[in-house]
Structure formats: structure tokens, C-alpha cells
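Single chain ahead, by itself, as C-alpha cells, in the form predicted on its own.
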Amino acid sequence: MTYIATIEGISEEHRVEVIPVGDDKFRVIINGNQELLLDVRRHGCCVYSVLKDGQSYELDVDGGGDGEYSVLVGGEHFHINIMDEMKKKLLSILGEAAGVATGEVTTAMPGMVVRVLVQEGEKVEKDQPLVILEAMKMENEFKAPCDGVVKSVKVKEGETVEANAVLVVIEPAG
């Protein structure tokens, strides 16, 4: 799967390809020329141990549903935005309002639905958590793109979903 990652305070985007190569192991290619082999283990809710070139790093990762992550590693704090490459291209064509206009809440990566926090017919507010999805050993919270009413919930807890799957559809408040 290929992603576009940006780090707050750094204007350039990075193209990141993540390829699973075994249990807890990933081959990561950055901008087509830097290759890393990572062993990633999850410890608790948001803490990950990453082994790279024989060196261990502990990451505390927070956030997710909207692609925004807060990462603490080695005493340094980073705000990172990660978006599926195809979704990025689509948004550049349709404009940022695409998700709000359709009311569709989608996932950029495959994963397993951990919790569904809303039901059909329920009123929601912009940025209200809707679904928690585990992807690449991280829990990601997906939020409402706008105020409205849940038109349909397309997933169930424990279900595995593919990249770009629609999780919830919101009928925007008029």
C-alpha cells in the first residue's frame, strides 16, 4: 500500500510504500529510494516497539481517523498526516469537500473494525468519533466529516475491511 506522508513544519510530502513481509515485519520504501526493514510490535493501546537495523525505538502514537497522528519518539514530538495515495489524487481532483459532500467516511488502509460507536438514525456532530479500526497494529479513530444524521453503518465490529472501504455514511445537516 502506498501513502503520502507530511510532517508538520516540513513542506515536502513523502511517498511511503509499506509492504508486509512476514509476522510483524514491513519493508518500507520512502520516495522510491530509501528502503527500511522494520519489525513492529504493539504494546498496549498506543505504544509500539520498532526494530530498525538492530536498534530499538519506542513510539507513542495517538490519533488516526482523519489521517492525523501525533507521534512521540526519542523525546521528540511530531504531527504527521498520512493519506492513501489514491485518496490524495481523488481529493486533488474533487477538492477537500468530497467527503463532506458525499457524507462518506472511508478508510485509506485495510484493517479490522474494533468498535462501531454510532447507529443508523443517530445525530452526530462534526469530528465526533464514529468507528475505531485497527490497521498496521494501530487503532485509528474515524470521525464525522460534518454535522448530520447517520444514514447507514456499513461495517460491523470484528469485520475486516479493504482499503477505501466506506465505513459510515452521514446525511449532512441541511
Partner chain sequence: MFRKILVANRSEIAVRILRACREMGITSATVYSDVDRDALHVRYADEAYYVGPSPARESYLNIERIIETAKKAGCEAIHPGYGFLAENAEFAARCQEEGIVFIGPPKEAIVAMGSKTVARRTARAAGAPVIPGTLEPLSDEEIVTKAREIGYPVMLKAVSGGGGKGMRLVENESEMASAIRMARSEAKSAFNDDSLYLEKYIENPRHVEMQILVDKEGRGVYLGERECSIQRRHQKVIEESPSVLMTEGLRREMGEVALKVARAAGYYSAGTVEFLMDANRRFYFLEVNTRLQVEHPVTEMVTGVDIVKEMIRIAAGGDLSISQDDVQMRGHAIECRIYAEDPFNNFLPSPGTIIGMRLPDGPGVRVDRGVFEGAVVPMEYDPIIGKLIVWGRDRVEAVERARRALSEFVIKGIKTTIPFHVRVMENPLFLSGDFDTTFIDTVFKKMEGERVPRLMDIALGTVAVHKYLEDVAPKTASPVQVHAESPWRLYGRKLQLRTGLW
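Quick caveat: nothing in here was measured; it's all calculated off a predicted structure. Positions refer to the first chain, counted from 1.
The following text describes the form predicted in complex with its partner chain, which does not appear among the structures shown.
Exactly one listed residue, out of V118, V149, L36, C146, brings a non-hydrogen atom to within 4.5 Å of its partner chain in the model of the complex: L36.
The shortest heavy atom separation between V18 and its partner chain in the model of the complex is within 4.5 Å. H14 belongs to the set of residues with a heavy atom inside 4.5 Å of its partner chain in the model of the complex.
Mapping the unseen interface onto this chain, V105 falls outside it, with no heavy atom inside 4.5 Å of its partner chain in the model of the complex. Proximity of E171 to its partner chain in the model of the complex falls outside the 4.5 Å heavy atom cutoff. Residues from 1 to 40 that approach its partner chain in the model of the complex with a non-hydrogen atom closer than or equal to 4.5 Å are M1, Y3, A5, I7, E8, I10, H14, V16, V18, P20, D24, F26, V28, I30, Q34, L36, L38, V40, in the order they occur in the chain. Annotation for the pair E8/M109: C-alpha atoms approach each other in the model of the complex, by 3 Å or more compared with this form. Closer approach of the C-alpha atoms of H79 and A108, by 3 angstroms or more, is seen in the model of the complex than in the present form.
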